[in-house]
Ligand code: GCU
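In the block that follows, a single chain appears as structure tokens, in the form predicted alone.
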Amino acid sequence: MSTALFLNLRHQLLAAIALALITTMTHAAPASVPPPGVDKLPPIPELPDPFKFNDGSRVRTKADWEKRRAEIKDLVLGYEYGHPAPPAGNVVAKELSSKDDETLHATVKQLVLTMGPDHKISTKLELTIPAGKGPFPVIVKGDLCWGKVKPEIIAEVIKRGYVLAEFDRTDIAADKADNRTTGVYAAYGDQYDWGCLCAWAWGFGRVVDYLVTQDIIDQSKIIDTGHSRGGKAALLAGGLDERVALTVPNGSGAGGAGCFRVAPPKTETLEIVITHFPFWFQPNFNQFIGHVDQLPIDQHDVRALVAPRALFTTDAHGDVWANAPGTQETYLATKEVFDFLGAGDKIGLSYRQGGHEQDAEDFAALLDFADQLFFKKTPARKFDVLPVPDAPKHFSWTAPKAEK
């Protein structure tokens, strides 16, 4: 063997060992390998280009996108949400009650799911199941902490042939700063740097773990949704869990479908959301207060994690706080990714009159979009009507022309 060949093989071996060590360290203790701080990050005035790799090169093929998606996921978790624990792998359901509702033509089941180390984590789960054998598509909503979905909405969900699965995300992580004695934080201690939004997204995944074991559920037609902070969590859950076919955040604003860089007056900004709810995010996310332009991501990147699976956002014109211009901006930027992947028909948005809630009209839009996606039904509405059609775009890049 020549000296040159020996040195080359030795170099490759050492590089492989180094990469393996870095990978192992990252998976074992993600919080211990922080990404570069704000003092080392250059300003990016416009929305960052999701097609640009960390080394400056650009995505050219769909296979490239999978690699870039992995980079975006690392950035999103490393800077904004924190890193979740792995799937628990031990979700157990205990049925508390089951009754037939003749008015709804449905069965309503009350359950408790337990999971995690020594099954220390639990959450309430209520299933409303249409009559018949199925399998049925399912809508997973994590907002049971605010009360059940209104009866008229449940009736429409059942009429359309969908299961409604409602769980309490605050069982997974309490929605308060002093939350380390219950839920995932008590079970896992300080192993992970996840904020509440990431913990709630993890909770969505554990509900899905249970649902996919049930014959009544169509595993190819799983929908995640939630309102406000629940919508932020639903978006992240859909981005991380590739079993979710359709992700539908409602009124989610900053940290959800809204935009940090495009935040007009009276909307939820990065500074406001971190100041009031620092425990929702990765502990060091506050370094970007006053430095939004140095954030290497924005919420279009979070939304892009969903592609090419379906993504649909519902909002209201009167919900100024949720930032219609910013949500439009992330929609347009994310659509570049969907179009590049040949999935431009799998992203949409819907705006109604009214304020900050997830009401019957939002669910009707969700169901219309899902019916089109899953059953090829022709909707009575359009899913590309912009709330602020004359607003300027805040990004100059476009999707590359995909190479084979």
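All residue numbers refer to positions in the sequence shown, first residue = 1. What you see is a predicted model, and the numbers here were worked out from it, not measured in a lab.
Another form exists, predicted in complex with the ligand; not displayed. Remarks below refer to it.
Heavy atoms within 4.5 Å of the ligand in the predicted complex are found in exactly one of 223-231, 182-190, 328-336, 303-311, that being 223-231. Contact annotation for the candidate site: W146, V273 and F277 all lie close to the ligand in the predicted complex (heavy atom within 4.5 Å). In the predicted complex, none of the heavy atoms of E126 sits within 4.5 Å of a heavy atom of the ligand. For the chain shown alone, D241 is not a contact residue for the ligand in the predicted complex, no non-hydrogen atom being within 4.5 angstroms. In the predicted complex, no heavy atom of D209 sits within 4.5 Å of the ligand. In the predicted complex, the ligand sits beyond 4.5 Å of every heavy atom of K67.
Proximity to the ligand in the predicted complex, defined as a heavy atom within 4.5 Å, singles out one entry of R60, H356, K377, K52, which is H356.
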